Structures are given as C-alpha cells and as structure tokens.
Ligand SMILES: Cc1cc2nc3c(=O)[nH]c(=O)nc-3n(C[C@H](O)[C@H](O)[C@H](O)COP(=O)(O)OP(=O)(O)OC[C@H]3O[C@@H](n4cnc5c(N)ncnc54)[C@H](O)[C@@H]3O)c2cc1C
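Have a look below at one chain only, the form predicted on its own, in structure tokens format.
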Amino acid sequence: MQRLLLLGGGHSHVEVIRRFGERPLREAAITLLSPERHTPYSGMLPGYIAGHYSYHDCHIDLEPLCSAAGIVFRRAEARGIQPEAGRVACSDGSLADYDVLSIDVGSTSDVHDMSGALEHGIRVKPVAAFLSAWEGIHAALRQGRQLSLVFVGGGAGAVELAAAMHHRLAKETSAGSARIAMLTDTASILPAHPARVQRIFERVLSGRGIKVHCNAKVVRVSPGRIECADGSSVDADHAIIATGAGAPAWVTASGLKADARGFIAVNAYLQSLSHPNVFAAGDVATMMDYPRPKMGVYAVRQGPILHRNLLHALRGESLRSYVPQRTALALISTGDKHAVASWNGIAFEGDWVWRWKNRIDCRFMATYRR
C-alpha cells in the first residue's frame, strides 16, 4: 500500500484533508504530521488579538478533520527531510516514511541579518508560540504593568496586529499602559499596497498614537532595546518580529531544490523540481513559473489542485497544471470592526468592509467544521 505523508496543517492541507473526507482513499495509507492539533486561520488572527473572536473561532481542529477522512493524525514536529530515503525525522526521535510527501508547514518570520531576534524577539510566525507570548503580555498589562511594544516590520501583518493590540488594550487596560511603535526598513508602511491604503493606515496609526519609524533597518535586538543600521535605537520591553516570510531552516537543509530565499521550488503541478514524489504548497513553496506573494489566499486556492495531484501521483496518473491568479483581493482590518479593501489599485474602507470580511472568514471556517 502506498504511503502519503502530509507534513503540516496549513491552509492547502486542510482542504486536501477535507476532500479526502468526501471521497476516502482506500488504496493508500495517509498520515498528517503536525506539531499542533489546532491550526490557525491567518485571516482571523488579528480579530482574535482584538477580542472579536475566540480561539475556537479562528482555529481548525485537525484531529476530527483527519478522523473523518480516515487519515492518521500524528502530533509531532518535523526536524528534517531525507528525500533520497523517503523519510522525515521527527522531534520525538521517530521517523516517518513515505512514498509521496506533501509539505505545507507555512513560513517563519524572516530574521535575516537581525542579530538577537531569535533569542530576544517574539516572532509572529510560528503562530502558536506568538499567541503564547501574547497571552503573557496581555496578562501583564491587565495587571497594571506599563510596557513598550515595538513591531519590527511594516507590512499588512504588522499593521493589522499593531492596530488589533491597541484596540484590545485600549478597552481593557489603563491609559498609557502600553506604548506601541513600529519600525520598518521601507520608505512607508504597506509598500506592496496602493498609496490610498497607505494613507488610510498612516491616519489610523497616527490617530491611535502608534509611532511609525520608516527607513529604519533593524540590525540587532537585545533585552530592552532595538538597534538600527543608522545608529539609532528604540527602547522596547517586547520586540515583535512581524517581518516578511522566511523559509524554515530544516526545510532548506533538506536537499530539496529551493529558490534564492530558501523556499521549496515547485512547478505548475506544485511538485518539487528536484524530487518528483515531493509536493509543496502555501508559504513554504515558490511556484517558479508563477511567483506570487506569500499570502493565505494563494495557499487556499492551491488546496484543490494539490489534492488532485497527490491523488494522481499515488495512482501513477498524469498531473494537472495550475496557474494562480495574478492579483488577489486584500482585506486589512484596523483593529476595531472596520476594514480596508484593495483590488487592482482601487481601495475603499468602512465598517461594511469588516462585515464583508467577517462573512468570508466565518464561511471559510464553517467549511472545516462539518
């Protein structure tokens, strides 16, 4: 019997599992290897931080999802891949063998050229560790401590989380208990978004007293301080690393062909360019012919084609190619129940945009609770 190993519980894999649940595969043994039973949905995490959602609202329980599909759920963290042997080394010292491997483990926060970030910073990714750290910060602030929280990064993730934290803390703690700031090495926040979106969030952050330092390249994170390349520094009780996506080190050391940034290089079939029995999707992979931003929407759209090609690979059938959409709708919340949308350079905002986003997110989550 063929062995299919699903490595990670990312957005693409939850759709693969759901589809195997609709039509269980009898001729193969399938295992999901994940360090966490509950996998987060990235689109709702800022809302969770802001207090709009519960933990259950924005996490998918992998165990019953796997059970319904006849898939073995194994809670363990991968530490390395031995592609020539068809084997994955796990954190508990065990090995997981496979005939076909699919990788959807997401990404980490990029700390390239940022000394001390791993030791003294709080990375937004992986999410489980970040949420654990946030619980500690939140509890300390509610007990009356005064803390400075400094985000490193100026993309959508950093902006959303900073606004969400401010909203939550403004409701639950005394004034001035948390000072929030942002450092970004770009000339403006949200550099990948239209100028109108940038202006909206500059207004939002300024109105909430969140100081933004642009052209500030962080080179060192140490206890209580963040240092920049121009010699300036900022005091920080907590440095929250919300930079762009970085490739997990153990993935890049696996011997699988990678792109210049260390992400697994795949073709239009989501198949490794160096090992045909290995597939990858989501943030951990780069479609070399169709590179796209590391965004959850692309991982979600890859789920159906990944399921089909894994099925075909197990059966020795021809694979199907996939061309991702060129642009994606961006919906960015402002902490309160208000959001900004942009599409092809057009931007608009309002409470109704947040309600629209909420309906999309809740409908997505309901799909994996049936």
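Computed from a predicted model, the values in this text were never measured in an experiment. Throughout, we count residues from 1 along the sequence that is shown.
Below: the form predicted in complex with the ligand, not depicted.
- Proximity to the ligand in the model of the complex, defined as a heavy atom within 4.5 Å, singles out one entry of V72, M295, L131, C214, which is M295.
- The contact with the ligand in the model of the complex, taken as any heavy atom within 4.5 Å, belongs to A76 out of A192, A170, A76, C228.
- With the ligand left out of view, the stretch that reaches within 4.5 Å of it through heavy atoms in the model of the complex is, among 63 to 71, 37 to 45, 337 to 345, 312 to 320, 37 to 45.
- Contact check at 4.5 Å (heavy atoms) against the ligand in the model of the complex: none of G153, M182 and H238 pass.
- The ligand is not shown here, but in the model of the complex it comes within 4.5 Å of a heavy atom of G282.
- Remark: Y290 does not count among the residues lining the ligand in the model of the complex, judged by a heavy atom distance of 4.5 Å or less.
- Proximity of A50 to the ligand in the model of the complex falls outside the 4.5 Å heavy atom cutoff.
- A residue is said to contact a partner when one of its heavy atoms sits within 4.5 Å of a partner heavy atom; C58 fails this definition for the ligand in the model of the complex, lying far away.
- Although the ligand is not shown here, in the model of the complex the stretch 190 to 210 places no heavy atom of any residue within 4.5 Å of it.
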